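As structure tokens, one chain now follows by itself in the form predicted on its own.
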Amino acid sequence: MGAAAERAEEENEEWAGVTPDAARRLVGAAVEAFAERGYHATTTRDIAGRAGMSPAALYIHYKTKEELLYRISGIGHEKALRIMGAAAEAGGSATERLRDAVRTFARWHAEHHTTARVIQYELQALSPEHYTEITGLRRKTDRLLRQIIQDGADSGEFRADDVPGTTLAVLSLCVDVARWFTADGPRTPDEVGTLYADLVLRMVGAPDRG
């Protein structure tokens, strides 16, 4: 399977919960347009054209451009919350849970770098109501990661005097993957996830696996 086909398959999987098909195509087109041109420079005509539809057809499914961004942001942030929740609730030591959390979180930001770039860097374009809802999801993700790091600090596995600050640093490191990652770059998403997990464990002073 070629890179383009793999990307299309990943995108179909990412938006599988969006129905009907026309609404799903519009979401995919909006992600590409927002990532390429920025939210404010993108018009509904741009999005409809990328989806192979008329501008009038877009309004059947989404009343505004902002509603599309909200839909994209909600799906992306809910996925991030599930990733962090699975790691937080898994058995094992804090070191094992932190490794899994960072590896999967960073890998997702690489695999879905276009979507991640939009949901992370176009947040301020949301309406006040939608912004409040999405930032609530972000705070839940933050709390889950913070608890893993706190558990490690309490058990003596980690040297983290400033747990909130360490949590912010780890999240920022993972989120930034979306800014620089490209599918034709020197590392795969799996390699990025493994690298970042190792970096973070060294950062918090976790014991070596050996």
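Note that residue numbering follows the sequence shown and begins at 1. As the structure is a computational prediction, the values presented were derived from the model and not from experiment.
Beyond the structure shown, there is the form predicted together with the DNA, which is absent from this document and is the topic of what follows.
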Margin query: in the model of the complex, does residue 52 come within 4.5 Å of the DNA, counting heavy atoms only?
Written below: yes
Quiz item: Does the DNA come within 4.5 Å of any heavy atom of residue 166 in the model of the complex?
Solution: no
Q) Can you check whether residue 155 is within 4.5 Å of the DNA in the model of the complex, heavy atom basis? A) no
Does at least one non-hydrogen atom of residue 44 fall within 4.5 angstroms of the DNA in the model of the complex? yes
With a 4.5 Å heavy atom cut-off to the DNA in the model of the complex, the contacting stretch among 146-154, 166-174, 181-189, 62-70 is 62-70
Judged by heavy atoms and a 4.5 Å cut-off, are 83, 86 and 138 together in contact with the DNA in the model of the complex? no
